[in-house]
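Okay, so here's just one chain, in structure tokens, the form predicted alone.
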Amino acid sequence: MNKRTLPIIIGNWKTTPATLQDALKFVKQLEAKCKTSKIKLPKKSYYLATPDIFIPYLSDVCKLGFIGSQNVSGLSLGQITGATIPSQLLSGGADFTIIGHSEVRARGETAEERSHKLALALQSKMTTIFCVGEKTRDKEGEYLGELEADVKESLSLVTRSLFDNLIIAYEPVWAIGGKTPATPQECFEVVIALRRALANIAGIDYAKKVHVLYGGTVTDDNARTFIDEGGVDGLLIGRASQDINEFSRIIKNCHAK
């Protein structure tokens, strides 16, 4: 995966919608809005991370985007109950997975578990969105060091040759679901720190290959600003991606020249 000029727009549906019928209706409407857009969109213009059970059905009707998972286990094929491994997601139609989302971390995901998840997903050649973000922000900038340490620890089992399928999503926890997102300048400072951490792991050339996204109270009013001024390659969107009209506006606005 080479450095893109086109933005990566990822919607995270979390535990919505309530039924498969609702999910299919949403994707079909989104496809129609993309097809009839006055703004010229790329062949693949969006990503949707959906509940796993919907993936095989949605991947069949999703032609202009990618369907993926919101999490995956760090386990291997074998005698373990209640877990899904990367190869199973891929064979079920998933194009990507999210790992390390703040809500998963809050439910007890450890750094060791996260590092195994990332290694196995990337070894499966699965596009992997690794989430990282601070809970609070201090004036001295110590949170930047904490973010860099998180990246280094979580990617400790990943060889640099696997960076081609890695995407990092910066999601400040304090901004998720709140009224105030990070500013583009605050976002830009973190992007520099994240790339510095990647360069320390694998060298500057490999660090440049990794796309960095922003997520945290993204709306159609501020989405384009993060791409234009925040130094990111795209967005990870939660609530706004669950609204067909707002999500389609974000896709179009971000792809507009």
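Counting begins at 1, following the sequence as shown. Computed from a predicted model, the values in this text were never measured in an experiment.
Just so you know, the form predicted in complex with a small molecule exists too; it's not on screen, but the next bit is about it.
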| property | result |
| --- | --- |
| Contact of residue 171 with the small molecule in the predicted bound form (heavy atom, 4.5 Å) | yes |
| Residue 117: touches the small molecule in the predicted bound form, heavy atom cutoff 4.5 angstroms | no |
| Partner proximity in the predicted bound form: residue 234 to the small molecule, non-hydrogen atom cutoff 4.5 Å | no |
| Exercise: residue 216 in contact with the small molecule in the predicted bound form, heavy atom 4.5 Å | yes |
| Contact stretch among 62-70, 216-224, 190-198, 47-55 - heavy atom within 4.5 Å of the small molecule in the predicted bound form | 216-224 |
| Residue among 175, 167, 132, 155 with a heavy atom within 4.5 Å of the small molecule in the predicted bound form | 175 |
